[in-house]
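Shown below, as structure tokens, is a lone chain in the form predicted on its own; questions about how it binds or moves come after it.
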């Protein structure tokens, strides 16, 4: 697997990543007035990282307003889908072959932040509290800094119809370009919020997505933390389930305490999941894609990019990967 970090394409972040032994970058899709990711911007990002011995292994999400009409099933979605296909073509031209996406029209949901080990700031979700605060629980804002909430309810089956419409049109393009689309599960993994369905908050939902339009380009951004949040789910079993199907294109390595309806994102060495068993499962299923550290708790004296926190996480991931490799060498 390729241990990676989510990075901005600037030389300081690239140098930091290089110093802690990272050779694979994940970038967020940069905004554009054209509604698609532009080739020149992607190529420039590649050049910044290449100067530090790093390659871009995936783009994680385009701006929500690039495809919000698609998710909501509104007029104008066909134009947005055409633009999404242009993004796929431009990624391929720039040598980037994984595009992560989500199907969360309202984005991530967080009830509050709490103090964890040593006073570190940690993301927390409590379903009852989120329902009380509603707008305040929505994490993501549009380019104008305002949260835009749909003015109508969207049912579960409407949302499934919308994602099928999207996949039927973009997957043939992705296949022809050699690009894999990797769907992120819903975080928090709850069935709906404010009347808008969330369809990828369970293992059954993720499987249905894969089965809706079978394709070698239809797979998962397997967010280990989000899947660990799902009620009654064992993360290691889930890795084997989807890994054996060769549908984990991209992974997030993250620890949580608790599950829906109440969970907290914590440091990797104190979560409720067996992180070594998870790393071993990725190796057992032959996962070779990028795996990034995800959602570091905020530690004292850190910068806005959370370099201190992520340095700890990357060191932990490297240690786990080396331990798994050592065991594999002993048994073979």
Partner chain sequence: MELALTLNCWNDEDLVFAQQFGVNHILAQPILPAPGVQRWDERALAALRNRVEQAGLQLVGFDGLPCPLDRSVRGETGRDDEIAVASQFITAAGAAGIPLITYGWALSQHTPSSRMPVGRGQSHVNRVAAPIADPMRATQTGWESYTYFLARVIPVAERANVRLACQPNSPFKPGLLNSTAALQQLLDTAPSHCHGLDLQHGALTHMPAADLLQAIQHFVKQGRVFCAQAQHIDVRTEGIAEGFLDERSTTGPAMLDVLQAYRAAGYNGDLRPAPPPGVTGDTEWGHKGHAFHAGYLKSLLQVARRLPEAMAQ
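Residue numbers count along the first chain shown, from 1. All figures in this text were calculated on a predicted structure; none of them were measured in a lab.
Another form exists, predicted together with the partner chain; not displayed. Remarks below refer to it.
- Annotated contacts: 120, 269 and 327 all touch the partner chain in the predicted complex [non-hydrogen atom within 4.5 angstroms].
- For the options 307, 283, 69, 295, the one in contact with the partner chain in the predicted complex, meaning a heavy atom within 4.5 Å, is 307.
- Contact with the partner chain in the predicted complex, judged as any non-hydrogen atom within 4.5 angstroms, is confined among 110 to 118, 71 to 79, 227 to 235, 161 to 169 to 110 to 118.
- At least one heavy atom of residue 274 is located within 4.5 Å of the partner chain in the predicted complex.
- At the 4.5 Å threshold, heavy atoms of residue 64 stay clear of the partner chain in the predicted complex, well away from it.
- In the predicted complex, the partner chain lies within 4.5 Å of some heavy atom of residue 299.
- Scanning 1 to 24 for heavy atoms within 4.5 Å of the partner chain in the predicted complex gives 12, 15, 16, 18, 19, 20, 21 in sequence order.
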